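Given next, in structure tokens, is a single chain: the form predicted alone.
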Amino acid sequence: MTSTRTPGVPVVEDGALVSTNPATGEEVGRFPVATAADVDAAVARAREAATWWVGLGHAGRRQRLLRYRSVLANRITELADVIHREGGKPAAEAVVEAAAAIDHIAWAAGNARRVLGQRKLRGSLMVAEHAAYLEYQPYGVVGVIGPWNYPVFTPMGSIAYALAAGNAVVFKPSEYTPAVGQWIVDRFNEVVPEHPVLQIVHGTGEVGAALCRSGVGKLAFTGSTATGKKVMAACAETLTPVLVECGGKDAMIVEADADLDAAVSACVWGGMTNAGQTCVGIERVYVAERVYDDFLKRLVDRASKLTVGVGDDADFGPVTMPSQIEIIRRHIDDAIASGGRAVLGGPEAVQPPYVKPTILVDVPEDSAAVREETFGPTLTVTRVRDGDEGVERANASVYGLGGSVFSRSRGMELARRLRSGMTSINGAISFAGVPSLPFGGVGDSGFGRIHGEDGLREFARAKAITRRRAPSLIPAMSFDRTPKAVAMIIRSVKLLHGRSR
């Protein structure tokens, strides 16, 4: 069967999901669309596989995950090529994405025992006869719904950490990047062929909804805030816990004492890498008035040199989702209609499937370009009194994912005050490349964390255990207590807690 297709837009033909290159329309691959019954069957297989996987212990899982890491590292150029062909991302950017994901696999594998292993904790003098222990137990099966913009790095932040914690995983990649998802799952199954510890199910939103309702122990979702709310509603039907990483409207604050060359370099990359299709990308810039004109001049000069296209020398490629182009177009048009100006790009920068760099100034704070997530290679640059006003304006958003501060003297102070889950000082998006740091947001950017110790604990239940080790000196937790024992309890409480300091 043949049909007229829009490049990059997935279609279903004869029960297969057809993926195409967003720039050329070239077919990348075909993948069977899962039914609800297929999803349920995958989860059932995963439950059995999870028993074997958790039985390997931390050492056995670590060994296999590190082998998986090695396979990806040795085939990184092949993986980058798949990312490039299916998402349009330049090969160099695809390599950076894959490298970061590989680093996270290694960190999760190497630190799971330390973070999740059993530990003995201090008890209480009130129940001194009991020893206290804490350990973290896996959920069993974790469902992961991944995005298209970073089809390896982002879902791997859930997959690798869930696997390291002892769970089996059923992964539903974006319908825009099924080939990338299939590739990384196939490589894992080459390393772990014994049981279906990591499975993949393909399809559109209906398949994601089926995974939400399939009885997984936990569901990790990355995508838009609107879809995240639907995921939560579906999971609520079975009280399935969720991790939700949604969109952002990240701000960069440039103080008067900033290194302007460094700030400009980070701003251009943070705002326009991957054609601006980055949840933690910079979209708003607040610049202290003392350096505003100088910063803007340098920013426009640097951004104007970026190249856009499908070739290896391009700085960024096409907008992956054609529907996103209309959102970008609307934000640019609204900004200008509201009194803003385009000092670079503008409406003419929208040339599907590409959008060229666009820098907007004098844009009102209530415009769509400032309030809504754009997800394109555009920046609004706003003059503010100082970093304090920059923080105030940056925080006036429903989103709170990441952010950036450039200042030689006030970086930590301003970073702490930003309402966001992550902030880079004198850099952009650098927190994503540090495996030991948690990744996630607040507000409409979602909740829960991937990466780091928090990411490992996100995919395991805290299990508290006490063990009696001696007779009770004060039988408080028993009907055998006597009036004398109650008097001892009163004296003990006053002795332990009665003093004000």
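For clarity, every value in this text was computed on a predicted model and none was experimentally measured. Residue numbers run from 1 along the displayed sequence.
One more form of this protein should be noted, the form predicted together with a small molecule, which is absent from this view; the next part is about it.
Chemist: My question is simply whether Ala209 lines the interface with the small molecule in the predicted bound form - judged by any non-hydrogen atom within 4.5 Å.
Modeler: Yes.
Chemist: Gly205 near the small molecule in the predicted bound form, any heavy atom under 4.5 Å?
Modeler: So Gly205 counts as contacting the small molecule.
Chemist: Although the partner isn't part of this model, could you tell me whether Lys172 comes within 4.5 Å of the small molecule in the predicted bound form, counting any heavy atom of the residue?
Modeler: Within the cut-off, so yes.
Chemist: Might Thr154 be said to contact the small molecule in the predicted bound form, defining contact as any heavy atom within 4.5 Å?
Modeler: Yes - in the predicted bound form, heavy atoms of Thr154 and the small molecule come within 4.5 Å of each other.
Chemist: Heavy atom within 4.5 Å of the small molecule in the predicted bound form: which of Leu379, Cys279, Ile184, Ala98?
Modeler: If I apply the 4.5 Å criterion carefully, the residue I get is Cys279.
Chemist: Ser224, Ser430, Asn426, Ser265: which sits within 4.5 Å of the small molecule in the predicted bound form by any heavy atom?
Modeler: Looking at Ser224, Ser430, Asn426, Ser265 one by one, just Ser224 meets the 4.5 Å heavy-atom criterion.
Chemist: Going by heavy atoms within 4.5 Å, which of 411 to 419, 138 to 146, 302 to 310, 256 to 264 lines up against the small molecule in the predicted bound form?
Modeler: Within 4.5 Å of the partner lies stretch 138 to 146.
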